[in-house]
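First comes one chain, alone, set out as structure tokens in the form predicted on its own.
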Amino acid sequence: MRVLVTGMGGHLGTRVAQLLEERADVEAVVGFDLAPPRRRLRRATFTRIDPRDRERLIAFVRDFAPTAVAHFGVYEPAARLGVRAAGPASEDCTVNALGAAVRAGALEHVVVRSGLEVYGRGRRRSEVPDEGAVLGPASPFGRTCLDVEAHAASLSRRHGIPVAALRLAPVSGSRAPSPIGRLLRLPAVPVPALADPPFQLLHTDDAARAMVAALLRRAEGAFNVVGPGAASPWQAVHLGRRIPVPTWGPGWPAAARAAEVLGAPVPAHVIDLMRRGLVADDTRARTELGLVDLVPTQQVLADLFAWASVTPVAPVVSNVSTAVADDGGPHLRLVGESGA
């Protein structure tokens, strides 16, 4: 297996590369992204390519000629890219990388990252959708995920290549940038004033495990991947010892603007999660991909809140004075605050 990992610079892409390079049945692992990985890779190789650089990306993929693609080049708004840039970057990466992989002539299998946001919420929607539920995304990220799935499925139909779509719960943890994580770690968090809908999260390591399992099992079709159990906005705020700010109606846009000022941009799909919840049936992923013993949602939250805050350390101010050495030459003497 020769695996191309799109979005390798992110935490998920890097972790997938690490898991794959440990396997003797994986001949080579290469990847690209906007920024380099922050963790060590022993055998996998990374090339820095902007997914919007079409010519360079296509040449890179065709030269490698992958037999499998782990497509993490689906950028969640306000995670690693801004709200406006995430959608176009995801589209460019999907079209260019998957198209080039097909034209290289060796491609046998594709797994793409998607999200539970493809289901949407509201009337006539299943409260706990399985993979056969009606799709109706209500946010830009949900529509991006659905577009990625549709493009991959069209490749599958035209070229007979098995494609799997991992519909992940919001991915979070102590080391991964995520908009829901940033929001919940604010000192004060907006919560629904008149409801407390359940939602599920997925630990970053489990998301990587799901990708590797789908690749190795040559899975096909859609799979909901979620952390067991559920939490709710009020429960999460209580667990993190944050201040709940009851919010309703027109107060949500104001809360989103306030959160952005505090350094936690809140895209539409995160507002939907807080207001309406987000859960799904993961039976197929557990039975067909063997995804058992995943980190429960409540534990993902605990891990998120256990991430140490940055504590400013006051610098020690030292004074530099000049004295005259015994030999008549100058020397420097550091004088601390105590004068010692």
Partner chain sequence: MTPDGVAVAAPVVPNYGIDDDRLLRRDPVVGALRRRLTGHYAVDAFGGDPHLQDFVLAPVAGRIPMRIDGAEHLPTEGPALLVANHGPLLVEPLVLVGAVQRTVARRLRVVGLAAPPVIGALTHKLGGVSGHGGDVAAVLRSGHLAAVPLTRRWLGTGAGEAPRGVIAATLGYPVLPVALALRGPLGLPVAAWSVRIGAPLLPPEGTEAGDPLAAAELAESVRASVTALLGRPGDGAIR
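Numbering follows the first chain given and starts at 1. Values in this document were obtained by computation on a predicted structure and should not be read as measured data.
Just so you know, the form predicted in complex with the partner chain exists too; it's not on screen, but the next bit is about it.
Using a 4.5 angstroms threshold between heavy atoms, A231 counts as touching the partner chain in the predicted complex. Contact check for P296: a non-hydrogen atom falls within 4.5 Å of the partner chain in the predicted complex. Looking at R125, you'd find a heavy atom of it within 4.5 angstroms of the partner chain in the predicted complex. Not displayed here, the partner chain is approached by R286 to within 4.5 Å at the level of heavy atoms in the predicted complex. Residues with any non-hydrogen atom within 4.5 angstroms of the partner chain in the predicted complex fall in just one of 62 to 70, 277 to 285, 22 to 30, 38 to 46: 277 to 285.
The listed set S172, T144, N96, Q200 contains one residue whose heavy atoms approach the partner chain in the predicted complex to within 4.5 Å, identified as Q200. Contact with the partner chain in the predicted complex, judged by any heavy atom within 4.5 Å, is made by just one of A106, A258, A195, A85: A195. Judged against the partner chain in the predicted complex with a 4.5 angstroms heavy atom cut-off, the residues D130, Q235 and H238 are in contact without exception.
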